[in-house]
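Let's start with one chain on its own, the form predicted on its own, as structure tokens.
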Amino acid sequence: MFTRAIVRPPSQNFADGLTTHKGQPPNHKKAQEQHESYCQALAKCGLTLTHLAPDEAHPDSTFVEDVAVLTKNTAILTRPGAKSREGEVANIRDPLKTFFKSIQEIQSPGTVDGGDICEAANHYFIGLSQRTNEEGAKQLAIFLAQSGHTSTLVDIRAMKTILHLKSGIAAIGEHQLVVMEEMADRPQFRGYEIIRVPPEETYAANCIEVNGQVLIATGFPKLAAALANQGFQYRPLEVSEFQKMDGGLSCLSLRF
């Protein structure tokens, strides 16, 4: 059960962040409204929220998940794979010190983005991507083992369809994974019950379970139906402006 979350609203220059999106840039006012609805949903799921101030020095900083990996007793500060995001780590250190006595940190030349790390109960899937390198994954696996957790590497560096591992996978329930079709047959996921996400709904694979509620992006009826058929309660949320910046539901909070 989660009890808390850390969130940071999008800054005025949110549209200046990193993205592969080629269409219209995000609308800041709409992004603010969507972020507020997201925060309200987390609160309705029973979480107490810590709201950090917008950070215009780092337009991607609303995606707070990328700068830390949290276990029950330890906060692991990452080292983002994009140079422009490295400064975000310093701004999350003090808020995490409020809640965690033990803080570890990924060191150079390692890089890790939190969006590449999928927690499935006591096990963690670590994505090797364009943002998380082998050295960073190795350091993270050691920190996780010290906290009593196991981990498995999932190499997505050759994939062109997703930026982070959690763009295509989410752990829900006791032993279930929501997985985009392109990754669903990976050997690392054997032994789990797989809820497949069809290619046209890949974005929806980035969903999160919070205390029995699955938060999913609005507009993906096939995944919604699959979740309902499995007995999950789900809550759709509009995150179109964050999708334009290669972000999703998991990216917008650190939950613990």
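Predicted model, so just to flag it, every value in this text is computed and none were measured. We number the residues from 1 along the sequence you see.
Below, we turn to the form predicted together with citrulline, even though it does not appear here.
Residue contact check for Leu163: one or more of its heavy atoms lie within 4.5 Å of citrulline in the predicted complex. The shortest heavy atom separation between Cys251 and citrulline in the predicted complex is within 4.5 Å. A residue is said to contact a partner when one of its heavy atoms sits within 4.5 Å of a partner heavy atom; Pro10 fails this definition for citrulline in the predicted complex, lying far away. In the predicted complex, Arg79 stays away from citrulline, with no heavy atom inside 4.5 Å.
Residues of just one listed stretch (64-72, 30-38, 44-52, 186-194) have heavy atoms within 4.5 Å of citrulline in the predicted complex: 64-72.
Shown here without citrulline, the chain has Met245, Asp246, Gly247, Cys251 in 226-253 lying with a heavy atom within 4.5 Å of that partner in the predicted complex.
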